[in-house]
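The chain below stands alone, shown as structure tokens; this is the form predicted alone.
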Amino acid sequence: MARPEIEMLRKLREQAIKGDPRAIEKQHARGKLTARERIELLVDPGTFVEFDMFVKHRATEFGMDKRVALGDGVVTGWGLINGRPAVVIAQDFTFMGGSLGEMHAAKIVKAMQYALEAGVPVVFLNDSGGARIQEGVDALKGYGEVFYMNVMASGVVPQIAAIMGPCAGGAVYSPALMDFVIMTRKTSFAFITGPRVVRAVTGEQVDEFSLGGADVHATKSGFAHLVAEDDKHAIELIKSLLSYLPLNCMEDPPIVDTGDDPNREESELDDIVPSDPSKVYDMHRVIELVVDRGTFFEIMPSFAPNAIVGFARMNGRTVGIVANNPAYLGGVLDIDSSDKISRFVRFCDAFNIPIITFVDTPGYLPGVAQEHGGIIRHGAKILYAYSEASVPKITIIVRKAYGGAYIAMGSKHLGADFVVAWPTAEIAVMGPEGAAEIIWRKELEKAATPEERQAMLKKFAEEYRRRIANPYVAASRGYIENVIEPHETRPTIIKALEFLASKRDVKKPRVPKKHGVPPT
């Protein structure tokens, strides 16, 4: 028979792990797993080490002395995810709706401190009704300390937030400060002020999901990077995402043997760009043909689809992919795509992930809405991010690369290490038609009919394309290293990556500084 002390420990452990059966039943009825069930799916079997299991809140106001549970509504610990270590935080909605109070927050802060000290990723499974109002300012203090730790961890270890239930008020800022946000489609929502407040203040009639559901944040606000169908799918996405990332900023990303021939050439690429420059194609297909087969993991696929960002592998190495997508808005850069690209580039740079850029953009999107919305300052973020990045940067100019957008999209002038172009590339201040309108303006004014003018414009545009807007002019200046046949793209990139694998940041500012101040 066990000693009384050991017997008591076992009972307390069982009490903490078992939880409230009625609350668990309600959680399942909502289509959600419990905190411990989520952790069990996430970490490798037998590897999770929980800490602070016996923490309890110490509030007494408003009957809180009678509402106590071991763990205080959050499970924290570390374990292995596909054989690699990580710290895991999972809020427990079955106790007081997972609300955050003083000790609940203290557990989260301690877990993040462990992650920083050990140099491992943080995975935060959010499912909380928000601040515990019975604890007043202690709850607010707790949120502040969590936010502070998010910022301290930024750029040091990867931070992934999965929102699997409600996330409202100040609670939204912790995921917003993390690197990636995954939301479950049917069970999660996030907003600063809920539907009741919105209705009272603005008169707008909305529910939780139309105001802050996963699809809203994935397509409109850009808050959610990925959308999962349910808890299990969210955990699969977390595992996939982590497989591309290093444990911390001091490590290189993992190398995985994908079995794909690094010298593979794809003849389909030779004909993928239409001969008519006004025709579109989907850049996703170019990416799929170039990277290791089946390894492209797109981030924010539904937000600003005129830009594509995501992770892939090239000869087993993790790379960050940035591309314009002419299949949507012609691949123009606008406010949202600028934010999407710049943040992704800065993440890759922080975690030693080489950046591969595929360029096909006619420029920045014109219009009153874009100008008034701040396209100047948002567009400048791309310039800042690429200039700041010291990881290997390889750029492929596929077709259009006009004006400021040519400069912004990983050009040699912003520090790209290796730039090549396809024969279909058009590099110029503006498109041939627009340039022809200016250069041959007087000749065009002499046209007798609209039909004659159109024919002349077409002729002059082709002349401009032949003399100026082609890759050989840029190659003659050394602005691109080479013009290659499209089917050579994959082996060309891989050879460049192998050569640049030992690249180190040798850029030194003339004047020592704490950090730059990027556009907002």
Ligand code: HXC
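This is a predicted model, so every value here is computed, not measured. Numbers follow the displayed sequence, beginning with 1.
What follows is about the form predicted together with this ligand, which we do not show.
Quiz item: Pick from Leu140, Leu80, Val109, Ala435: which has a non-hydrogen atom within 4.5 Å of this ligand in the model of the complex?
Solution: Residue within 4.5 Å of the partner: Leu140.
Quiz item: Given that this ligand is left out here, which of Gly97, Pro277, Pro262, Pro85 has a heavy atom within 4.5 Å of it in the model of the complex?
Solution: Residue within 4.5 Å of the partner: Gly97.
Quiz item: Which of 300-308, 68-76, 220-228, 168-176 has heavy atoms within 4.5 Å of this ligand in the model of the complex?
Solution: Answer to the contact question: 168-176.
Quiz item: Does this ligand come within 4.5 Å of any heavy atom of Lys495 in the model of the complex?
Solution: Lys495: no, not in contact with this ligand in the model of the complex.
Practice problem: Although this ligand is absent from this view, report whether Gln134 comes within 4.5 Å of it in the model of the complex, heavy atoms only. | Solution: The answer is yes: Gln134 has a heavy atom within 4.5 Å of this ligand.
Quiz item: Though only this chain appears here, would Phe147 touch this ligand in the model of the complex if you measure heavy atom gaps against 4.5 Å?
Solution: Close contact exists here: in the model of the complex, Phe147 approaches this ligand to within 4.5 Å, heavy atoms only.
Quiz item: Is the gap between Arg477 and this ligand in the model of the complex 4.5 Å or less for some heavy atom pair?
Solution: Judged by the heavy-atom cut-off of 4.5 Å, Arg477 is well away from this ligand in the model of the complex.
Quiz prompt | Contact set, 240-267 vs this ligand in the model of the complex - heavy atom within 4.5 angstroms | solution = Contacting residues: none.
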